[in-house]
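Form predicted on its own, single chain, as structure tokens, below.
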């Protein structure tokens, strides 16, 4: 399918190029695209980007407050562009005698790019100890976003948690996409009893209360399963409930397309049903499917976060944003360490960016929206 553009002369542009040109004019969608590329890059290279091992703990640094980065170093009488943070020391409140951390201006911890630190196995099989940034002395700890109740770096744990939370959205949507296209396509293309049966199944699933079903299925998982087994099972649970919306969209489009002239022409030309569906009908739905998938990923991420927060999803030692938010379940923790809520900010940023991206794709793919 092609179209003629008249910007600086006549040229032929493909449908994909026209969609991209419309998408680029959507500033919020472009912002969402940049944010998501950045987040998935962080998740992919979490071991390298995180300054510390997410499980590295220190009992003396429990609930250590965030440390601000200073870029101008004036310790030698002049000034130089040399990032550092002030170290903290434990002191007693003169009134309550409660221990608290206070800045120690006499001791500075300098930060550098590409430093050697905690060892790791990138993607479980590439050993290394190089980190994007970190303290000059590998024995020092720097808490840019504070520490949790075991003295672990919250920033490193958020970075590592991005891998599980973001990948569970992609894997879950992939499974939902396969189920939605398969059952929605069968329902819309064949109609009749197949359509009736599929629609009754969809209506039954939609009628179920989502949260209780998640809780019941997640609670049925054996407690002695390894974290990866629980991860994939949670993904399947979310996917088995999340495919119905896409199936209805695909069904509606198939009902519309099967009576179009190009489908009738393909049928009269002797094309098999498989070729008609996969070569002629599905490509016409590509842009709509991409938009639907982009808008479905946030729901998958929120579902995993909710299950993990309630203690029925990924559990330690697995790390996800929902599991990290579980640390902030009681008022006492929030009062003494409000930075434990920062994984929730990561979830909010991701969901907003994905919704901006999905809205932009939907508008760009819809020729009647312009």
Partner chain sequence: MRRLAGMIPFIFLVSITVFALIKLPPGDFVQNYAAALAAAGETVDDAMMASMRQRYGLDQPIWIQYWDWISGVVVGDFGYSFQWQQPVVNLIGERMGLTFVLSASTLLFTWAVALPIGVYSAVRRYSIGDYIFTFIGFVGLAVPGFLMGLVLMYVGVSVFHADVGGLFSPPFVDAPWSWARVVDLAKHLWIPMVILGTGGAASLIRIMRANLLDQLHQPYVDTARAKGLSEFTLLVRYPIRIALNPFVSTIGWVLPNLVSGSVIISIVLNLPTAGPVLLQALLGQDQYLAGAFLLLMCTLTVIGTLVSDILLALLDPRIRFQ
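Numbering follows the first chain given and starts at 1. Not measured: the values here are computed from a predicted model.
This next part talks about the form predicted in complex with the partner chain, which is not shown.
Trainee: Verify the flagged residues 30, 150 and 170 against the partner chain in the model of the complex: is each one within 4.5 Å by a non-hydrogen atom?
Mentor: None of them does, since no heavy atom lies within 4.5 Å of the partner.
Trainee: 39-47, 53-61, 310-318, 66-74: which one contacts the partner chain in the model of the complex at 4.5 Å, heavy atom to heavy atom?
Mentor: That would be 310-318.
Trainee: Only one of 122, 102, 213, 130 gets a heavy atom within 4.5 Å of the partner chain in the model of the complex. Which one?
Mentor: Answer to the contact question: 213.
Trainee: Just to confirm, residue 228 within 4.5 Å of the partner chain in the model of the complex by heavy atoms?
Mentor: Residue-level check for residue 228: no, no contact with the partner chain.
Trainee: Does the partner chain come within 4.5 Å of any heavy atom of residue 78 in the model of the complex?
Mentor: Residue-level check for residue 78: no, no contact with the partner chain.
Trainee: Is residue 106 one of the residues lying within 4.5 Å of the partner chain in the model of the complex, judged by heavy atom distances?
Mentor: No, no contact at 4.5 Å.
Trainee: Are any of the heavy atoms in residue 335 no more than 4.5 Å from a heavy atom of the partner chain in the model of the complex?
Mentor: Flag for residue 335 set to yes.
Trainee: Relative to the partner chain in the model of the complex, which residues of 301-327 have a heavy atom no more than 4.5 Å away?
Mentor: The stretch 301-327, when checked against the partner chain in the model of the complex, contributes 302, 305, 306, 309, 310, 312, 325 at the 4.5 Å heavy-atom cut-off.
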